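In structure tokens, the next block holds one chain alone, the form predicted on its own.
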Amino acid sequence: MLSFLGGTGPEGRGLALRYALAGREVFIGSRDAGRGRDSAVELGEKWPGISVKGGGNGEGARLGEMVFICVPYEAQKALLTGLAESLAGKVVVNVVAPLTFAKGRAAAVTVPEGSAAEESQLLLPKSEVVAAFQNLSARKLLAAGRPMEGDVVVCSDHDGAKKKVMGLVEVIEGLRAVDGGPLANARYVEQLTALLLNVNRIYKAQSSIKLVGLQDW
């Protein structure tokens, strides 16, 4: 099972939907267990036949074989501090991009540890943290009748976990996984999200990234 903590938000909900449609069993977690269940019911009614459950974040952390962190950055520390034991020994995929907004413009938040992903690895010393999916448009993920387009940069200090997540990326039609190196590089990927959001504002679009020149690898 793939669990999405904070999965009632647009990004987590979109990823959960895409993987449920690809035949994976998913769990949508929320601080409010009822809200998580309601979100799962709504997706199941709209897309009959998918395997989606919902409930509290704690339940999702226990049940998930791989767990996605999709909460806003300001909620990350409190969430993970309470779930460290439940997440021990698991691959934890950090989707968080620390951002602030002023007058409609996005700006990256400076994280003392370097990135949200690096902070989460410090909070979860017994887990294998992988940073991925920060640059995808939630709106496009939720438009499940259309294929995605773009690259997902995947960073981690755990090579086995990184390979698992890279394989999972390409389960979603139209996405390509790119090895982004160690977790220290996640800060650059997270910060790029602010640029994409500002470009989207200018062009009224939902852009993503695509790296060229990798065909020979």
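Start at 1 and count along the sequence shown; that's the residue number. Predicted, not measured: the structure shown is a model, and the values here were computed from it.
The form predicted together with a small molecule exists for this protein as well; it is not shown, and the discussion that follows is about that form.
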query	finding
Proximity to the small molecule in the model of the complex, single hit among Arg31, Arg62, His158, Lys53 (heavy atom within 4.5 Å)	Arg31
Proximity to the small molecule in the model of the complex (heavy atom, within 4.5 Å), stretch among 120 to 128, 107 to 115, 143 to 151, 73 to 81	73 to 81
Val95: touches the small molecule in the model of the complex, heavy atom cutoff 4.5 angstroms	yes
Any non-hydrogen atom of Gly23 within 4.5 angstroms of the small molecule in the model of the complex	no
4.5 angstroms heavy atom contact with the small molecule in the model of the complex for Arg37	no
